[in-house]
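The chain below stands alone and is given in structure tokens; this is the form predicted alone.
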């Protein structure tokens, strides 16, 4: 059984359709990225999964249950929304001690000490949380979210508003959660670099529909096409090389920058490209496959969605 199962989920607010029949699963131990522009339906999906909103139709189950009606399963879920849920006047230790009582954590002292060390906050455990940086508060918020040893954690924009150093700390913490703790992570984020670094799979949502759903490695490698680049030995041959490439079937999206030309080709098209270029007298210094960034994939998906709407 998948940890998260969403099937033909629909939701409207009045006449406005927010979710239009989305389906996806999240497997145990995955870091799953849920992406999309503002208003795409990401927050609505997360709220339905957490039992905070009712689905219009379809189903949204976490560990086989509807969290809106199953309190027992809800206790196996951790949540960090944009608000860290941290009290500034309490120390880091006191914050976690307070939540440990709410969660009914056994041997809370041992668990709190373990999490403070995990989050790198042991030396500041007795300091008021109000004296912490934004990044430190976010780390304490993550520690709070996993205090009761959940099987899945929902993270909503965990690096929002953080400087690059704090983003790195949070990203490292997410990877350790998935790796060392074996926790499944559902990550709602606009930070595409973060998602590419930490996620196994992603879903890209736009206008209430999933436009792409695959592993990060498959998406960046390209579906059916390969991003291929050649570096010319002589920059003066760039024009001639471009004309040759334009005549090869399957080559598209040519981009010439000085002595470098990038393009999209069929997965098995590299030999033909190289043979045709060298046969035309074009001297090459380097040729290699290139992967696209998740940001490029995301922008392509958004562009295609706009064109079809």
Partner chain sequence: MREVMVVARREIQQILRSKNLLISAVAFVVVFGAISTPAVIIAADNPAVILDQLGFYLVLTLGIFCGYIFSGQAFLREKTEGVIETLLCSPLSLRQIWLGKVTGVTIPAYVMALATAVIIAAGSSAILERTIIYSPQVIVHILIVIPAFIAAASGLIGFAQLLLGMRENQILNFGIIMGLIFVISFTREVIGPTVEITWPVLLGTLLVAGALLALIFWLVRFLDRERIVTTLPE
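Note that the rigid core is defined as the largest set of C-alphas that superpose within 1.5 Å between two forms. Computed from a predicted structure; not experimentally measured. Numbering follows the first chain given and starts at 1.
Just so it is clear, the following notes concern the form predicted together with its partner chain, a form of the same protein that is not shown.
Enquirer: Give me the residue from 234, 193, 94, 172 that has a heavy atom within 4.5 Å of its partner chain in the predicted bound form.
Expert: That would be 94.
Enquirer: Heavy atom within 4.5 Å of its partner chain in the predicted bound form: which of 79, 140, 112, 199 fits that? Just give me the one.
Expert: Here the answer is residue option 79.
Enquirer: Based on heavy atom distances of 4.5 Å or less, which listed stretch (295-303, 282-290, 19-27, 5-13) is in contact with its partner chain in the predicted bound form?
Expert: Result for this chain: 5-13.
Enquirer: Please state whether all three residues 75, 85 and 103 have a non-hydrogen atom within 4.5 angstroms of its partner chain in the predicted bound form.
Expert: Yes, because 75, 85 and 103 each have a heavy atom that approaches its partner chain to within 4.5 Å in the predicted bound form.
Enquirer: Does its partner chain come within 4.5 Å of any heavy atom of residue 99 in the predicted bound form?
Expert: It does: once its partner chain is placed as it appears in the predicted bound form, residue 99 has a heavy atom within 4.5 Å of it.
Enquirer: At 4.5 Å between heavy atoms, is residue 89 in contact with its partner chain in the predicted bound form?
Expert: Yes, residue 89 is a contact residue.
Enquirer: Please check if residue 254 has a heavy atom lying within 4.5 Å of any heavy atom of its partner chain in the predicted bound form.
Expert: Judged by the heavy-atom cut-off of 4.5 Å, residue 254 is well away from its partner chain in the predicted bound form.
Enquirer: Look up in the predicted bound form whether residue 144 has a non-hydrogen atom within 4.5 angstroms of its partner chain, and give yes or no.
Expert: It does: once its partner chain is placed as it appears in the predicted bound form, residue 144 has a heavy atom within 4.5 Å of it.
Enquirer: Suppose contact means any heavy atom within 4.5 Å; which members of 45-77 contact its partner chain in the predicted bound form?
Expert: Result: 47, 50, 51, 52, 53, 54, 68, 71, 74, 75.
Enquirer: Honestly, after the rigid core fit, is residue 125 moving at least 2 Å at Cα between the shown form and the other one?
Expert: Yes, the C-alpha position differs by at least 2 Å between the shown form and the other one.
Enquirer: Would you say whether residue 171 is displaced between the shown form and the other one, judging by a C-alpha shift of 2 Å or more on the superposed rigid core?
Expert: Shift of 2 Å or more: no.
Enquirer: For residue 77, does the CA position differ by 2 Å or more between the shown form and the other one when the superposition is done on the rigid core?
Expert: Stays below the 2 Å threshold, so no.
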